[in-house]
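Just so you know, structure 1 and structure 2 below are the same protein chain in two forms, each on its own as structure tokens.
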Structure 1
């Protein structure tokens, strides 16, 4: 699979009837949030409960979702470009690694790992370059956040 952005328009893969799907998802989400809001207490307009505003919004969201779905049936949209999944997955994974790593493994190890994974989002990534970049970032972050701002961010893997 090539990066979608660099393909000629007709070669881009398209998803059929995307707005119909989007509309249905919006309706489903509105319903879900609405059901949750039922338990919060509706109250009266004069004395609104915690559920009044969210429930009203969910009703509105459901209507708008239905309008979107209806519109897509009346007038089919051309469809979306297939996005760059590789980039999305590696960027997301990098955040996951940072979130999981920062407390047990400390700033230096985690930032180098995060940089390495994030740079894999790009096909031209070179491991040595990424390691160097990660080390430089770790030092810069250490200077700004720990030395200058004095934040107690764990620096090295914690001793068990």
Structure 2
């Protein structure tokens, strides 16, 4: 203590290894895909070449990876949390149901089921709200992808 001021205890900095590894992997993948995309023409913002979009995404991915790696090194406290297995399982199951169900069950049934399954990842989820959200998402996806973009997505279960 000098002049009535306390010196703050020195904060320990520990490297958050999962974030550091994730950041380095994102940087490496961005670099790899960026090198592969160099063979395409970059063009200009007015006349984009075939490599414009992939190279831009690779640059953004590299910046994101660098930010994640920097955050892992600069974090004052170790922030490792135990992963929530419930969330992981229900969100993964939702992706799986969507991928397997879109052809035989159609867009509306699959999106409502997917939303309902994904909502189970949250402990306080309510079934009625999840069903309403799933119905709203199904209508929004139908408007964007089927009506506006004209993609041939089956809307209802296929008749046998």
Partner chain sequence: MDVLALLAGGFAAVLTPQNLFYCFAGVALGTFIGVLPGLGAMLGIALLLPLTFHLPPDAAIIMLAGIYYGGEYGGSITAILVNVPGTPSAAVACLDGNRMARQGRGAVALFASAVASFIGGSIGIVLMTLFSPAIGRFALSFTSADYFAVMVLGLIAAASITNGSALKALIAVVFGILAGMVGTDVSTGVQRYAMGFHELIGGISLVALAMGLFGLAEVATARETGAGEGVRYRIGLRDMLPTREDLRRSILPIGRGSAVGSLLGVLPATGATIASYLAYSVEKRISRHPERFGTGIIEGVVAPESANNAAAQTGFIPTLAIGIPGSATMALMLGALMIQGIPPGPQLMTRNADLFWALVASFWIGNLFLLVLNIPLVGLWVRLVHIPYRYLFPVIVCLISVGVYSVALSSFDVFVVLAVGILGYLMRIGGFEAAPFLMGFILGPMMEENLRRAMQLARGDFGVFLSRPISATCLALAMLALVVPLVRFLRMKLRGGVPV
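Residue numbers count along the first chain shown, from 1. Just so we're on the same page, rigid core means the largest C-alpha set that superposes within 1.5 Å between forms. Bear in mind the structure is a predicted one, so any value in this text is a computation, not a measurement.
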Inset, instruction - Would you indicate whether the form predicted in complex with the partner chain is structure 1 or structure 2? - result: 1
Inset, instruction - Superpose the two forms on their rigid core, then report whether the C-alpha of residue 34 is displaced by 2 angstroms or more between the two structures. - result: yes
Inset, instruction - Align on the rigid core first; then say whether the Cα of residue 104 has moved by at least 2 Å between the two structures. - result: no
Inset, instruction - Answer yes if the CA of residue 55 moves 2 Å or more between the two structures after aligning the rigid core, and no otherwise. - result: yes
Inset, instruction - Report, to one decimal in Å, how far the Cα of residue 23 moves between the two structures once the rigid core is superposed. - result: 17.2
